[in-house]
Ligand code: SAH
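Next comes just one chain, in structure tokens: the form predicted alone.
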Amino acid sequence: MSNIERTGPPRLRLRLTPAAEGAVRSGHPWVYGERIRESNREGRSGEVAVVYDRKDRFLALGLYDPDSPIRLRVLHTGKPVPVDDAWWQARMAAAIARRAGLFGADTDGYRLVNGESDGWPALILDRYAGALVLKLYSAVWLERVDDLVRWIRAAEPSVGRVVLRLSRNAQAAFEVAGYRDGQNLFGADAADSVVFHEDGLRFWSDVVKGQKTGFFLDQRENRRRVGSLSAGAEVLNAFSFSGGFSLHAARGGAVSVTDLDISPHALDAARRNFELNREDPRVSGARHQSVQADAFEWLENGPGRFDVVICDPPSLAKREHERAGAIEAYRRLAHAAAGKVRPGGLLLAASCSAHVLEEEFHAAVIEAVDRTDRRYEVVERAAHAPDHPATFDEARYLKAVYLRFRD
């Protein structure tokens, strides 16, 4: 049928349930184990499997993952293709090329490859100036680490460093093979942190030990939007982490910015980022304050009101069974945060919980704000940034809503 079948050892061949066939044909990148109805043999982690439909026609290629409920991670659908080194290299180059023209010279921190939505399942690649961070979420990539570095360097020849980051569920398998989270795969620079630029602002990214790949690049457009709305404002940044929203607000002309976070490490990181930008008179002219407290409790009981309130908590539902509790938590936060907004002020409520659907999050926020009996309007809704495309439902984790209060 194609040269993918005629070369090398026998391919792992799979057939799926009718529902799974339809999902793959429609572009869904995951096949769960219970939806595989037939295979010609046992598969090993990371091998490329061929999927045939009920009429014995080629359907897809994917990486087999025997240790995950997601048994097959789809790479390609349509017509058969030879999965050789040139194919992989072209695929990496194509994903990176999609970001061409998205950013100017004042931004060198952004996502280069966004997992399944860029055709690279369980793989993230982020740029921080001259350092690239490769985060792997599955052992399907274990035998291809050296190849990944080679394909990345071919697509980005100016890269000075490639850092490996591993998800918790993948660490054990990689460590057995001699890899460790935070190690350099390429380059001699061993520093934990890298300074990169976002819209001309400078930020530290802990590429070795920091959360995610070292920074939350996905909120860039919302940070920029907050900056454009903060002139003359007193701003509260709840769940402030490293102060990204706060710096954009200060540069946008805020009179004061208050970082609220329970973590002293996060508040220290925000102060460090402010120091990086003190040469900007707008940043140095804004009063920067820190409050170490539980954001839920402080929003409900803390003093004062603000012109702009940002409420961007970490994921509140990392698993499906946590979804109902997360929705209730978003209601609680939105109700409390609304009480902190002055008349005429703005609330940005955001969620990064993939298990909470966009409509569920928006409904929770609106329901909570309605209970305050304040008059408001929904100004804008936002989702994924262009360098973080989301091509299937489970990938659509980021959502945000802006509300303007009239009284």
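This is a predicted model, so every value here is computed, not measured. All residue numbers refer to positions in the sequence shown, first residue = 1.
Omitted here: the form predicted together with the ligand. The next part is about that form.
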Partner-proximal stretch of 227-235, 176-184, 132-140, 292-300 relative to the ligand in the predicted bound form, 4.5 angstroms, heavy atom: 292-300
So the ligand isn't shown here. In the predicted bound form, which residue out of 151, 241, 274, 204 has a non-hydrogen atom within 4.5 Å of it? 241
Identify which of 262, 324, 90, 81 has a heavy atom within 4.5 Å of the ligand in the predicted bound form; exactly one of them does. 262
Might residue 266 be said to contact the ligand in the predicted bound form, defining contact as any heavy atom within 4.5 Å? yes
Residue-level contact is defined here as any heavy atom of the residue lying within 4.5 Å of the ligand in the predicted bound form; does residue 216 satisfy this criterion? yes
Under a 4.5 Å heavy atom criterion, is residue 116 part of the interface with the ligand in the predicted bound form? no
In the predicted bound form, is there a heavy atom of the ligand that lies within 4.5 Å of any heavy atom of residue 211, even though the partner is absent here? yes
